[in-house]
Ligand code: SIN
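The chain below stands alone, shown as structure tokens; this is the form predicted on its own.
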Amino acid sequence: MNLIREFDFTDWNPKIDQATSQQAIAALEGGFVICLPHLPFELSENEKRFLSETWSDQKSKNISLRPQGGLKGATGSDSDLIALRAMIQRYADQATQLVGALFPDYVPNLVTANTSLRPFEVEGRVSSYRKDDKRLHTDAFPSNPTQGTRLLRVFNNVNPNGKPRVWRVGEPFQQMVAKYLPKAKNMFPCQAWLMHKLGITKRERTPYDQLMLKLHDLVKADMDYQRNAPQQSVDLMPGTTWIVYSDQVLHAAMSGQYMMEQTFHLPPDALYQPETSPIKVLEAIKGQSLGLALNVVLCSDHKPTYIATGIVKSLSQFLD
């Protein structure tokens, strides 16, 4: 099994021919990691000082630049933070150029999300199993449902000491789903509506989000799967850029320090091959829509007493 596809691009705005473009599209949407080993994100001498944990406020594991321009998770003087923000913004701009060059049809529907500098060493980080990124998983978020929107991410290893970012990459999404989907529980009636109204989720969780969360947790909790499932390890050396749909590719970050990351959101229907998106794969297996409309059906015909019972169960499940 090899889910890494290398391309020899050396420019953030590459000029590529049709054949290479088709290869990149097929790789990305087919669930591969696109690896660009000769595409560094260049830092000026003045910016290299930001490769230090001391710029973190120690409350967040990342220093993030929001699309509106706000910097989160950083500490320093006003002039330092202006320079740090400019560096992260430049990465956002270059990542946007790259995605636009490789996947031009994405551009009209591409939404820029957070850009981050990740300054902390991955190895040795302690967390609950659900938050442990050293375990294979596909991305899904309890408080921020995607509702089927794709999570396209552009990473770059900026480690100044020659240290690789070590990833494990797991088996194709469909194979993992075949193992765990039968164990994934659905939501209780009106659970999504209630969680949104109480501020537990930023938007309403769809049946798709629920399944993705359950798959995320089931895979992370299964240590036999973590050890023995089909997978490969890849050393992503400094100067390497890699692109992946993190909601589709099983991945785990095992070690490494100092990385840039840009997230984009894209509606599944904006893909070149929409049927490859996780929501379409799960809908094909389940034989039904997994979007917001199903929440309305689940909640429409139940009496208040039944809804109240669901409320108690839902909160217990969320707080577990």
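Please read these numbers as outputs of a predicted model, since none were measured by experiment. Position 1 is the first residue in the sequence shown; the rest follow in order.
Beyond what is shown, the protein has a form predicted in complex with the ligand; the following relates to that form.
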(request) With the ligand left out of view, choose which of 204, 133, 217, 171 has a non-hydrogen atom within 4.5 angstroms of it in the predicted bound form. (result) 133
(request) Identify which of 91, 245, 167, 208 has a heavy atom within 4.5 Å of the ligand in the predicted bound form; exactly one of them does. (result) 167
(message) Even though the partner isn't displayed, in the predicted bound form is residue 253 close enough to the ligand, meaning a heavy atom within 4.5 Å?
(response) yes
(request) Report yes if any heavy atom of residue 85 sits within 4.5 Å of a heavy atom of the ligand in the predicted bound form; otherwise report no. (result) no
(message) Just checking whether residue 222 would be counted as a contact of the ligand in the predicted bound form - the rule being heavy atoms within 4.5 angstroms.
(response) no
(message) Since only the chain is shown here, I'm wondering whether residue 163 would be in contact with the ligand in the predicted bound form (any heavy atom pair within 4.5 Å).
(response) no
(message) Taking 4.5 angstroms as the heavy atom distance cut-off, pick the stretch from 73-81, 223-231, 135-143, 187-195 that is near the ligand in the predicted bound form.
(response) 135-143
(request) Note that the ligand is not shown here; using its position in the predicted bound form, name the residues of 256-275 with a heavy atom within 4.5 Å of it, in sequence order. (result) 259
